[in-house]
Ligand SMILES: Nc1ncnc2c1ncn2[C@@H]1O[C@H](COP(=O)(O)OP(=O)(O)OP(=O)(O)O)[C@@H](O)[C@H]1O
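A single chain comes next, written as structure tokens; it is the form predicted on its own.
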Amino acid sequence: MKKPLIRLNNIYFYYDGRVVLKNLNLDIHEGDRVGLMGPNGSGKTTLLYIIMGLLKPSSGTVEIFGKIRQKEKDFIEVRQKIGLLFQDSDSQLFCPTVKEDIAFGPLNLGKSKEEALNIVKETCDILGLKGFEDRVTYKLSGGEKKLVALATVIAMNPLCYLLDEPSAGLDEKTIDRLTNYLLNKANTYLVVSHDKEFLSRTTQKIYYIQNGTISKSVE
């Protein structure tokens, strides 16, 4: 079997003297579509941040694309090839307009301005954001910001998606669009969500995290 894209091995993470993650192990292989559930404060978002190098584990190893990742420079490639959707859209959006926010990632990956604008158009069409391109981002509603944040991730065409509560704040029609995108266009992803129905529609297996450990599969 090929090496996993993402391997977390014996991960511990402490915050303010509290154990958040304890001897946690997780493998994500190419083609895996995994859901992750758990109570608030159980470490779901922390786990995603550790994969992206935004938090450093207290101990254990983070192996991504077959390489151990420890230092900040080790995560440059990770952030180019793995797309993280933050739970709070305001953490993701920082440009004046929707178009600029969506184009930011492709331009940083070396796409031309014309290529980036084409990606903006395609991504807006996918998520029902046509006509939003020149809207001022900070004036959008919470659900609209969530969609634009999703668009910034999709525009990067990542090898793997890490999605933190992607369906929260979206209406049923938009959730259907997101579901169709994941099932038909995205190959590998880890979705953190409290919405078991959404996970049952979009993932092959659902794990449960509690007491710092991924302890069981949810049927």
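Residue numbers here begin at 1 and follow the sequence given. The structure presented is a predicted model; accordingly, all values stated were derived computationally and were not measured.
There is another form of this protein, the form predicted together with this ligand, and it is not shown here; the text below is about that form.
Contact check at 4.5 Å (heavy atoms) against this ligand in the model of the complex: all three of 40, 43 and 46 pass.
This chain lacks the partner; the member of 185, 56, 194, 29 within 4.5 angstroms of this ligand in the model of the complex by a non-hydrogen atom is 194. Look at 151 to 159, 32 to 40, 58 to 66, 171 to 179: in the model of the complex, residues with non-hydrogen atoms within 4.5 angstroms of this ligand sit in 32 to 40. Among heavy atoms of residue 92, none comes within 4.5 Å of this ligand in the model of the complex. Among residues of the shown chain, residue 20 is one whose heavy atoms approach this ligand to within 4.5 Å in the model of the complex. In the model of the complex, none of the heavy atoms of residue 12 sits within 4.5 Å of a heavy atom of this ligand. Of the residues in 81 to 107, only 87 comes within 4.5 Å of this ligand in the model of the complex through at least one heavy atom.
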